[in-house]
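Here you get one chain, nothing else, as structure tokens; it is the form predicted on its own.
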Amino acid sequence: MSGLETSVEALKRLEAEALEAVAGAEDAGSLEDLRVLYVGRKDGKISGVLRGLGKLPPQDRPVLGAEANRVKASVQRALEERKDELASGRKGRHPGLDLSLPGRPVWRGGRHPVTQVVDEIWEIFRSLGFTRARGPEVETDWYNFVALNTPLDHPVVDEADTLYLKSGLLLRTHTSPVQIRIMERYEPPVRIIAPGMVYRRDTPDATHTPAFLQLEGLVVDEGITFVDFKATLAEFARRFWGPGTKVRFRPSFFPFTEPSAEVDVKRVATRPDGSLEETDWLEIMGAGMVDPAVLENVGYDPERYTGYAFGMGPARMAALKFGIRDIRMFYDNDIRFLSQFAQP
């Protein structure tokens, strides 16, 4: 490589070095130091090349002089651009970037509609003197069935309904085991709400999913009667659905309550034109007086203590509240659907 080619390559390397340094300048002071270092009249590196042209052979001067002037202009232009960037508050050289454009919106999280319903139910019962309780999702036959007056030869114990694990454990099929654990641990009075996930071998459809939230309630004390049971659940229904709500108790059967009832409500709904109409009867929960055998299983004296229990599905409650016909929509994680219910 000739001396001229070496000098041209050295200028290009000097240009690259200067441009990189200018792009990284963080303030006007450091930018001025770079200007003096590379294009200053007295000690600038590029200016020094131009001053040394007189020492080169006459035939090399035009080529090297043109390249030196090009590099000097390039560095000076970069210095001016970086000066403007620093003055406008921009952090780096990004050709084509328009910082005047509006920024991207920040996604805001919100409570899931089923969670909103759980919180609303909890607030109502909390105001009625209930405490929130929880228990494990992996249970034994004793807590999930036997202690709740459900013999192991009962149809619901069959593997067609229950998800069994190794070592004789299972995924709880309802939140009622929390009742047993709380009564084993505490003496009456007991007044609890126990929301949590439960699992069953259900085929997903518009009203069923294999994993879903359930909310259990339990009250045990001296002198608890069926009147207390009906009054509490009727008060809850009217606070949740509205003061004009009608409540109906239908006889039913559950192994751990006697007598048992299904609780239905008839609501007053507002039509699009603003007029009011009553809905059909809607089932919202199963409930009943705690069976004396369950009290005996946890060491309570059924001659002294009585109580009532109830259970409901918050997803179904949310579907009724928001007018959703398929509860699977709550679990599809479609942001377009869930954003309709977004709350902070």
Partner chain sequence: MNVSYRWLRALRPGSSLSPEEVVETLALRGAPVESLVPLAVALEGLLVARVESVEPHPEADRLSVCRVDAGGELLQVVCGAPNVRPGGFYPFASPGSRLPDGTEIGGARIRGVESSGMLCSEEELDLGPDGSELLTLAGELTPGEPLAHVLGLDDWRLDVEVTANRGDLLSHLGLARELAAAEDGEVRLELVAGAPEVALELLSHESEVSAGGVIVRILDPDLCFRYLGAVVRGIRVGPSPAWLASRIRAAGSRPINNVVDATNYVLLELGQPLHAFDLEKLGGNTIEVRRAREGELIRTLDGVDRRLTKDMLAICDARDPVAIAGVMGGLYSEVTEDTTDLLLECALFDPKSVRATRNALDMSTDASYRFERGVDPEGMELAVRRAVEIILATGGGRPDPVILDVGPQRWSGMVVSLRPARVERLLGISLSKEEIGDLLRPLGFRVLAASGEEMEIAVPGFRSYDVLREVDLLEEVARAYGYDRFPEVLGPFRMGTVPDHPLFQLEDQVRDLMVGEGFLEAQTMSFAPKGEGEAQLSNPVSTQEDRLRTTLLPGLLRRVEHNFARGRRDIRLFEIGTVFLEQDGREAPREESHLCVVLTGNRAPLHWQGEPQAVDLWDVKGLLGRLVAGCRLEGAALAEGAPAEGLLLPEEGFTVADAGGGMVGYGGRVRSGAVDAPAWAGPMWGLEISLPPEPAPPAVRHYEPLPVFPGVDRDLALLLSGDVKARQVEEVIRNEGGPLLVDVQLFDVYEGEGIPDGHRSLAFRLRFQSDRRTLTDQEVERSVAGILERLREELGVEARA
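For clarity, a rigid core is taken as the largest C-alpha set superposing within 1.5 Å between two forms. Numbering follows the first chain given and starts at 1. Source: prediction; values computed, not measured.
What comes next is about the form predicted together with the partner chain, which is not displayed.
Of the listed positions (E235, D141, E120, E85), a single one reaches within 4.5 angstroms of the partner chain by any non-hydrogen atom in the predicted complex, namely E235. For the candidate set V268, A73, L169, A206, a heavy atom within 4.5 Å of the partner chain in the predicted complex is found for exactly one residue, namely L169. The partner chain in the predicted complex comes within 4.5 Å of a heavy atom belonging to A293. Using a 4.5 angstroms threshold between heavy atoms, R77 stays clear of the partner chain in the predicted complex. The partner chain is not shown here, and in the predicted complex it never comes within 4.5 Å of any heavy atom of V8. At a distance threshold of 4.5 angstroms between non-hydrogen atoms, R336 is in contact with the partner chain in the predicted complex. With contact defined as any non-hydrogen atom lying within 4.5 angstroms of the partner chain in the predicted complex, the contacting residues in 100 to 115 are L101, P102, G103, R104, P105, V106, W107, R108, G109, G110, R111, H112, V114, T115, given in sequence order. Core-superposed comparison between the shown form and the other one: the C-alpha position of G223 differs by less than 2 Å.
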